[in-house]
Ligand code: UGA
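First comes one chain, alone, set out as structure tokens in the form predicted alone.
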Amino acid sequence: MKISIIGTGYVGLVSGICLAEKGNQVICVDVDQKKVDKINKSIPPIYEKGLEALLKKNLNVNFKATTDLHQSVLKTDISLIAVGTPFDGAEIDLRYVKEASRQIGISIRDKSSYHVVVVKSTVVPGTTDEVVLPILEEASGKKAGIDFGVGMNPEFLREGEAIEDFMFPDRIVLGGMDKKSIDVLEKMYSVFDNIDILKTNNKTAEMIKYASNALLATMISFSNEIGNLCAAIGGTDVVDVMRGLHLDKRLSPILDNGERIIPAFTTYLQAGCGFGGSCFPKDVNALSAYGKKLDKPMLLLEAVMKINEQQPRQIIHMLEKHFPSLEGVRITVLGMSFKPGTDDMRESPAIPIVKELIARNANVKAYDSVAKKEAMNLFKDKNFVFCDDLNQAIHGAEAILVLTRWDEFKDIHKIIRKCEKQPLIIDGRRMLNKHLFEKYEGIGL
């Protein structure tokens, strides 16, 4: 198929390159000329495992980027809207979705053939039918369902695993205003074999995305609340508690041959210093605000966010147990991105933690294998130094905070063992063997 994608963020760029890899002709559109130029030079504007290789393979074969939305719509059969939908504190900001819809509508006005417009951005239920569709009709002067179709196709991509998730999805949700719109979407995904496809209306497709993210965020905050209680009880380790929880065969089924299956979702049932990223905080807050507007307060989701907002404080509390004052204390932060496999620092727990350390005049060194640029843009204080080497970051530290679950941090005991004075280790992700350190603190311990 011939596909145009509006927006080259995580969702737009990953979707575009993967659809091209599947044999479609894809044009990605962005208003940022510099971003488009980078993409057309095989330089991804974001860090995502495997993305650069796929971009180089498909560029100028099945894939290209441009700023010309009008021609892109005219040359394609289907347009996916994959622009940002930030949360402004009261509701999601639809300005980019609205503008993309308006421009696509203007383009459809000049098009004689049937075209399908699909919202891939995360939007609250009703947005596709009640906001996007009317804008398309007004801008095009044409009628939805007759001259063009409208659909909703939520994404389920994990940053750091986005290529894998797109190429080998666990489900494909196809929302549409009518059967014809869904049929075009189904044709686009016809190259995916043996995948469960759910066909539904646009509102339900929108809600499925929010419900999915809200559940995962709830699992994390539940785990953190249990972890904090374990720490308060004493003599209890949340790692063992959650391991015992995971062994429930309803969570990890046992096959007839005795083999136990450990589903990937159990990783969300682990205590840590909180969740971040571009999705969970934004989407849970947006769904909670949406419920309030309908006079349906989302009490559970409000609690989920409150727990998460407070969770980074646990790291500071553990530091305070060992240092009466943090002024002048040499503290190393390992991991700045909100999760491994990405350079994304949006809503990362590391941000409030580092801000608090700087405010207390600690001397902060940080290390992250890919998030240097983002960290340096955020923190320009003289008491903050970003290290390019893990050994350099650890050397001379009085306390080391592990805030991102990067694999390279699993063996830091080998480096620390060589230190003249053993630093305090604060494991914000509970990824280390506590028995390998002289001074160890961890969430839920």
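Counting begins at 1, following the sequence as shown. Because the structure is predicted, anything quoted here is derived from the model rather than measured.
There is another form of this protein, the form predicted together with the named molecule, and it is not shown here; the text below is about that form.
- Judged against the named molecule in the predicted bound form with a 4.5 angstroms heavy atom cut-off, the residues 220, 279 and 338 are in contact without exception.
- Under a 4.5 angstroms non-hydrogen atom cutoff, the named molecule in the predicted bound form lacks residue 166 among its neighbouring residues.
- Contact annotation for residue 365: none of its heavy atoms lies within 4.5 Å of the named molecule in the predicted bound form.
- The named molecule is not shown here, but in the predicted bound form it comes within 4.5 Å of a heavy atom of residue 209.
- For the chain shown alone, residue 289 is not a contact residue for the named molecule in the predicted bound form, no non-hydrogen atom being within 4.5 angstroms.
- With the partner left out here, the named molecule still marks one of 143-151, 352-360, 328-336, 265-273 in the predicted bound form; by a 4.5 Å heavy atom cut-off that stretch is 265-273.
- Only one of the listed residues (298, 216, 318, 197) places a non-hydrogen atom within 4.5 angstroms of the named molecule in the predicted bound form, and that residue is 216.
- Checked against the named molecule in the predicted bound form, the candidates 96, 156, 114, 323 yield a single residue with a heavy atom inside 4.5 Å, and that residue is 156.
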